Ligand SMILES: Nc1nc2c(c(=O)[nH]1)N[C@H]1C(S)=C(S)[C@@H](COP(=O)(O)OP(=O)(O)OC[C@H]3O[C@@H](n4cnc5c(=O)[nH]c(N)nc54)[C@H](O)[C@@H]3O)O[C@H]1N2
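Just the one chain here, laid out as structure tokens, in the form predicted alone.
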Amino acid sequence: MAAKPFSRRTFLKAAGVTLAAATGDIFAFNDWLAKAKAAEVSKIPSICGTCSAWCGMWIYVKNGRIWKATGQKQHPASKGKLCARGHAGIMWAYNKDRITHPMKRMGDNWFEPISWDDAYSEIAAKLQKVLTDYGPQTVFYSQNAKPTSRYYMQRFMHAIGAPTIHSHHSICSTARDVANKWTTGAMATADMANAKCILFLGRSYADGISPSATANLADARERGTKVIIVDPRYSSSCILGDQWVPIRPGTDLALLLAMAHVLLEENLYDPDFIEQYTVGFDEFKKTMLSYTPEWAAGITDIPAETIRTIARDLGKNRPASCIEQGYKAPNGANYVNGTQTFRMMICINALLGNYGKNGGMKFPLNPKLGELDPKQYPVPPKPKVPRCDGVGIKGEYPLCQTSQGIPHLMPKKAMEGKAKAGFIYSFNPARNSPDPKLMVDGYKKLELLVVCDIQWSETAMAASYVLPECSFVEREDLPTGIAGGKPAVTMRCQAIDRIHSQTKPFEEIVTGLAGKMGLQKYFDFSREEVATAMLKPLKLTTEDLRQKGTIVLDGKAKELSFATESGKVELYCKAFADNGYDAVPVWQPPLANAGKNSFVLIHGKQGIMSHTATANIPGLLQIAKNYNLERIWINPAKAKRLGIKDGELVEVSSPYTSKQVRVKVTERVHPDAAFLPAGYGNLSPWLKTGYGFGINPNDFCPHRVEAISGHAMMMEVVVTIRKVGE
């Protein structure tokens, strides 16, 4: 039977009749509009969930919908400002590509809805079978950690006896973090407010945006701080610097070795700090003798005199000078020499004697949060089996941190039969790690993969079950401490009602599954009870945070100390030596080197994108389209030799794939480098907004695991570029 045509006039007529019947009056649009405009506006504190900077925000709600957002002035990361990602990310709740029901895989790209109860029952049964047949060492959990997810899922993993818990850091900052753990014991940050000279290596505040950090950099420049930026590309931060020093990709370690040589040769280091706070100086100094600026110039493409000048600028301004720490940079997760590159950064800061000094590197203060009383709320025992990623195990990855692990290794472990079941939360390793085909193929080898997310990521598309979390504006999370010069505490509060009734906050998802596993005794509490216990030592309540959002606490700097095995900065690291690694950093070349007509493919963030998750937000993607932000950058010298002009369509090829994108010909990139922004190239067809726009650097790079830290070596690949049609 054919449906009767339903016109706009028919709809308006029907609507008018319905309203008249309900109210006794005819619907008047102007009256409705006046009432809507006059509606009360609520102001709710929250934490931005668009990237991992976690800026504090105020969300304004009108008529039950999000109206706008502003930054919390008291939050250390936002200081009253939000970036474009924060303003756009609040609209994720209304995105058309959200996951709205629990889903079960039925075939390739074929999922069907399933009830929550059935999902819990089936997942629990399959997980129990894996535990019985293979043991808890074959189960892993990977996350982009949030306070709530970290708390609940760690209890769950411990309750089933599984130790393998990952963060996203092996594709971000693992090398930095491992280097800090074994060299200084903890990560210090630059005291930019008092620095006279600061050096950045591949770190761009204005691209991997933290509003406060970018503002601090601008303020430092205004005060006369000398800002030197070493990077293969002219990043967005370079406009705030005094000097851009282009460097050949992957050679930052050579630059640092030569800088140490200059500081030692010209007595520009702090002998008192070295004597009191370091070990291994004699071995370190002896090793640095051969690394002259002339030697480094031939490797880095930086003139020897420029290297000397950078070292002298730091040395003459010590201790109010430093090398700022980065994350996904040459010292993060990108090169084979990343761990030792960061060790050298730390060693140079130690030579400057800047730890604990104004203008140097300072260890942030952390608030001490409380916990539930274990006598009232049973705590599961810590697992006794080894991790399946080899982290902390002699002969595998003994120096990598168990708090981070190596999540991008799990697909290979699945192919080897060493991983059988996995849980992944708010993390998309299938797209944001090198070699997406290997990642997906490996995940599909698992007997069980459960993904919890808000949208159809590439990792979700590889899952056995997909469980939909509500977006960050639709839930309240546990309090979290903020480390800094003064510690602080903050909490995300729920701004609007859940839009999709079948989505749930993460703690409800974990608690529901735990119940089906017979583990309810470990979760016999509410999130409010946990939050109250966390805040009790601070003499604060959840209501305080619901009113104020972020509260800055009193804190006094402790006497300078280093949480290493020696209690000092380890210029010579015994733990490295004991495990077969160089105890003092030495030159280690990158794996990838550009040829006459080839490029090292480098990548990085843009201020409007965070990995690939935000490419599916319409407003942000439109900015990218309007300004051609997806293009690959190459230097005019090579472009001319290859017959390539700005804006032309080119084919980018590595031994692993070939893809097409338009080119940006610019002097803002070193001739040996081709820069590709990392936020595009969604492969999931159900991310309908971002699908098909741009290409992604991970498609060109092989799956690798660096020996010391386990990071992904994400820029160790050479590509060729040719104009399409030739």
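Sequential numbering from 1, following the sequence displayed. Keep in mind that what you see is a predicted model, and the values were worked out from it rather than measured.
Same protein, other form: the form predicted in complex with the named molecule, not shown, and the subject of what follows.
When you look in the predicted complex, the only residue of M344, A495, C452, A195 with a non-hydrogen atom within 4.5 Å of the named molecule is C452. Put simply, of M410, I165, C172, I632 only one has a heavy atom within 4.5 Å of the named molecule in the predicted complex, and it is C172. Heavy atoms within 4.5 Å of the named molecule in the predicted complex are found in exactly one of 216-224, 558-566, 151-159, 596-604, that being 596-604. For the three marked residues, Q137, W182 and P383, no heavy atom of any sits within 4.5 Å of the named molecule in the predicted complex.
Residue contact check for G442: none of its heavy atoms lie within 4.5 Å of the named molecule in the predicted complex. Contact annotation for G208: at least one heavy atom lies within 4.5 Å of the named molecule in the predicted complex. Contact annotation for T511: none of its heavy atoms lies within 4.5 Å of the named molecule in the predicted complex. Among residues of the shown chain, A329 is one whose heavy atoms approach the named molecule to within 4.5 Å in the predicted complex. Shown without its partner, the chain has C452, D453, I454, Q455, S457, E469, C470, S471, F472, R475 in segment 451-476 as residues with a non-hydrogen atom within 4.5 angstroms of the named molecule in the predicted complex. Here's the thing about K146 and S526: their CA atoms end up at least 3 Å farther apart in the predicted complex than they are in this form.
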